[in-house]
Ligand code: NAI
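One chain comes next, on its own, written as structure tokens: the form predicted on its own.
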Amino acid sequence: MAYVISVIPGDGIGPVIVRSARKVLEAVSEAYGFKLSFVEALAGDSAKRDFGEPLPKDSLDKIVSSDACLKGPVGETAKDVVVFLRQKLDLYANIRPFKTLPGVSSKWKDVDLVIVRENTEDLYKCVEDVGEEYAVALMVLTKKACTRIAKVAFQMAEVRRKKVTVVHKINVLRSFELFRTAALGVARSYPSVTVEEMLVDNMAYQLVLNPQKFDVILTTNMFGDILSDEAAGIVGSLGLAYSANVGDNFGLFEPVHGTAPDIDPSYANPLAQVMASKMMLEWLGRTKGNAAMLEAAKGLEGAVLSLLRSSENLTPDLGGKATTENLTKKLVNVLLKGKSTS
């Protein structure tokens, strides 16, 4: 049986780094003994230019009928692609891990945190009214959404370092009381997990001062979006930041960074896209009960860490001179060598 992966190449560096991730996935699936079938689903600025809409119905149909989606970065049409898909497919949990990595310059050591972000509501619900002299955006929070994202965060903390930081802005906006109450209500079912609360402005400050103190950060949609870029800077590179968008029945996996229109795509760093693929294998392994995929995810992450540690064949943003293709070939070699000696 082959698992069907819908692939959104995206814009800018997207097609290049997605092609790299596909090559790595093809190698890892063959090495670990499972089958993946890829179907391309065009979406983004280029799709709008070529087909008149950023997410054509044919692409949406391919995504909905697949087992998971691997998405590259898209440009100005992100709202019409990824924000739409998050809400359409109810991908309510946005999971963004951040760790200091070998060979990557950072002012900190031993950072290992995860931002768990509610993914379907808040200001990103996009309920707006914009006139010539005013603009209004409605912040939408529901008890259901706040409760289920809190469960994701506490379940994750239970198998990590058993700490959740609940981030809100309740001192200014009473609306956040709903989010806070839901999170603390869920916390009662996880007595082994320590809970703290933090206002988002203080969270931004503390994240810079002492990022090692945080384990799982639970927050709302827009706050999570902003804090995750800050966290990427703390661990050294937005080019290594990746994420999962998951619901009860589907998962979409993507890098956190954008299309990088100012760089030569042939020298783009594909590792965030590759690590998003690793998250996809983990999710598929858990939800489909496929142990080989879980092992493959471990092997792939180990290969990425080994590549970074060796500092060979890295792209310019990581201090090297390699092209995307050079890095990909080296990563596949490291991956296959690691599998053969395991």
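Note that residue numbering follows the sequence shown and begins at 1. Since the structure is predicted, the reported quantities are computational estimates derived from the model, not experimental observations.
The same protein also has a form predicted together with the ligand, omitted here; what follows describes it.
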| item | value |
| --- | --- |
| Segment that reaches the ligand in the predicted bound form - one of 182-190, 251-259, 167-175, 118-126, heavy atoms within 4.5 Å | 251-259 |
| Output flag, Gly236, Leu308 and Asn313 jointly within 4.5 Å of the ligand in the predicted bound form, heavy atom basis | no |
| Contact of Glu76 with the ligand in the predicted bound form (heavy atom, 4.5 Å) | yes |
| Exercise: Ala153 in contact with the ligand in the predicted bound form, heavy atom 4.5 Å | no |
| Close approach of Asp317 to the ligand in the predicted bound form, 4.5 Å, heavy atom | yes |
| Proximity of Ala204 to the ligand in the predicted bound form, heavy atoms at 4.5 Å | no |
| Of Val216, Ala231, Ile149, Ala268, the one that lies within 4.5 Å of the ligand in the predicted bound form (heavy atoms) | Ala268 |
| The ligand: the contacting residue among Leu113, Val82, Val246, Val200 in the predicted bound form [heavy atom, 4.5 Å] | Val82 |
